[in-house]
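Only one chain is shown below, in structure tokens, and it's the form predicted on its own.
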Amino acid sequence: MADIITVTVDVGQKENLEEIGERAKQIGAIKHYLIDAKEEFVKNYIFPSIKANALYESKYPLSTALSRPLIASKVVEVAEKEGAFAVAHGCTGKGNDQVRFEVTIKSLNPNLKVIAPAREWNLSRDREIEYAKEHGIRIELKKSIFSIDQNLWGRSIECGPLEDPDVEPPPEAFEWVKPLNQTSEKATYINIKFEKGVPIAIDGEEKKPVDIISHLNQIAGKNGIGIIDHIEDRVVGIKSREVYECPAALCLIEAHKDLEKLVLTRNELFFKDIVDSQWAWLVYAGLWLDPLRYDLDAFINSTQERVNGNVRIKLYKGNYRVVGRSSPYSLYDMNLATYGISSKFDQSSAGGFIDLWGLPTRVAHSMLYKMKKK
């Protein structure tokens, strides 16, 4: 018989965390750890994801995926402190989280055994509830048909009618994002200040990292912004229909990408797009501790030295659009870009450029033409 120690990591999931601890002790846990990791989550996980414009499959801001290596690392810390021989989680064999937890746990401490009852016993969610009832484990009655996972960076919604990819999510699936018919008839404008690629102020007021995310979730959600509904490729190879609410994430990544376009060169942007995509894949796939992620961070952080400035976004009826941007490192030169008389661009230079630029294409096309004539 093993002693059980339970761990809850607060990443902004808005649950009754004190009650979770009490429930753990009621079913026999000898100790419970409640760890407030919200600020660490924002600074060390969310902010790097903003720098990387991290959207898995161009859609998902990795809200759940980002929290898993942090949670796993805290569990390992507790396990080592308490001298535990094993850690347990409740993930099934179908999802991504089993990969994220176990790769992180085994990377940090290869000697820890990982126990996964839901996967090992092949339990469905209905069977898990039955098991809890059979063994006198008090669980909260579900107030909804949906399975929810949430933290500061987003809210994931699964199950029920959402398992049919052809069914529109019903209004009751959402909590953070207002229906469009309940949003303001007047547009909202927000100004986000970035320093070295991360947001530091909203509308001229500097805020703590957690407060910036919380504030933007509220204001963007109130304007009907933040719903993501797409078909996603899970790590284990299953295609799944995924629905999320990520108001702050979508606005911040859009603002950050726009500011990058103002201050980075074309070559930097082209290559960074490749890097960002690979960064998002590594995090989604549970490879937060892979050396490649550190390598990519080194490149990304180098580019962010100049990503300073302000971005103004217009929020209205579910739409968000950058309408202004400025930076002391801007590469935009109005004297070059203008079509007016004040332009200092010598248009006569363009002819020679076009000749040289198109030379490979013209030569190749001429050869193809000759081949077709034969």
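Start at 1 and count along the sequence shown; that's the residue number. These numbers come from a predicted model, not from an experiment.
Omitted here: the form predicted in complex with ligand ARG. The next part is about that form.
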Would you check, heavy atoms only and a 4.5 Å threshold, whether residue 97 touches ligand ARG in the predicted complex? yes
Is it the case that residue 147, even though its partner is missing from this view, gets within 4.5 Å of ligand ARG in the predicted complex, heavy atoms only? yes
4.5 Å heavy atom contact, residue 45 and ligand ARG in the predicted complex: no
Test of understanding: in the predicted complex, would residue 60 fall inside 4.5 Å of ligand ARG by heavy atoms? yes
Among 258 to 266, 271 to 279, 237 to 245, 179 to 187, mark the stretch whose residues have heavy atoms within 4.5 Å of ligand ARG in the predicted complex. 237 to 245
Name the residue from 109, 214, 191, 156 that puts a heavy atom within 4.5 Å of ligand ARG in the predicted complex. 156
Partner-free chain; cross-checking ligand ARG in the predicted complex, the single residue of 77, 254, 128, 232 with a heavy atom within 4.5 Å is 232
